[in-house]
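Consider the single chain below, provided in structure tokens and representing the form predicted alone.
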């Protein structure tokens, strides 16, 4: 029970962090049709900016300043990059974001080096929030969940309860009508792209010190974010939320389960000969399959339901 409860809390914190990343990518794709390969790079920049700013003014100002800087970079990327290549089609946009991913990674190497940086949890949150049986649960994990839930509620209220949200949603389906009403649709696209990058920046600020801030962090988290978006349904925020919690639980529980089919066969009294060719395959533990499991589930989802959990087929 202790293992189950602790891992459940860990999966919630990781899943909500994944949603902060996937929500920005989902917003950008649903509005602009751009599958941004460089989205995880903004997550990495959020962590590095927060590390640099916190060295001078502390963690709390960095929590506000770093996402704003990342959001500004995202807006500039859309205005002076994506908008220029948009007329050449989606292939050009994909190639642009793909190249931007490697460009940002090389800039990080030049500025901060190839080794991990010493980006630590702030002392004000470096304590145990509560104890579950014999396990002390860190307060920073609770803080991560609180920030993620606040961002989720804020995003929901912005899109469904404000005039700005109404204009954004109208721009998704009827951009020409929104433009006829006097709104600058390209500027809305730029702000949405910047907002999506800022969400990734917030995830980097609160996730960079909880995990590791190093140049490979964008590659490590970028692939799983795309799995979440595809599995939940391209363009569906609700689908991204469900998929984020699902994969958060899958990855958190499986990496801690050192069981295999060989163990199950032994418990059922089924002996497997030592020289059997299937013995090596059956001895693979659940923890060893954890890295490939999300991609296997994504492939199965694309076979069974190509639109994802809550996506809709394009007409």
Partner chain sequence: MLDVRDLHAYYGKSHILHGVDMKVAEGEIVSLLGRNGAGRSTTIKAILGQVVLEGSVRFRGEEMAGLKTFQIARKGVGYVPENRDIFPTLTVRQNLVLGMKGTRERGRWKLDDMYRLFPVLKQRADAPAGVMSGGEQQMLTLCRTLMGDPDLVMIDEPTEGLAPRIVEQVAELFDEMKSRGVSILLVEQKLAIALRISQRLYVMGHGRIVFEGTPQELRTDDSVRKEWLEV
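Numbering follows the first chain given and starts at 1. It should be emphasised that the depicted structure is a prediction, and the values quoted were computed from it without experimental measurement.
We do not show the form predicted in complex with its partner chain, though everything after this point is about it.
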Inset, instruction - Answer yes if any heavy atom of residue 174 is within 4.5 Å of a heavy atom of its partner chain in the predicted complex; otherwise answer no. - result: yes
Legend entry - Residue contact check: residue 186 to its partner chain in the predicted complex, 4.5 Å heavy atom: yes
Legend entry - Contact test in the predicted complex: residue 131 vs its partner chain, heavy atoms, 4.5 Å: no
Inset, instruction - Consider residue 181 of the chain shown here, and say whether it contacts its partner chain in the predicted complex, taking contact as heavy atoms within 4.5 Å. - result: yes
Inset, instruction - From the candidate stretches 156-164, 138-146, 202-210, 223-231, select the single one in contact with its partner chain in the predicted complex, where contact means a heavy atom within 4.5 Å. - result: 156-164
Legend entry - Interface residue in the predicted complex among 100, 170, 121, 237, criterion: non-hydrogen atom within 4.5 angstroms of its partner chain: 170
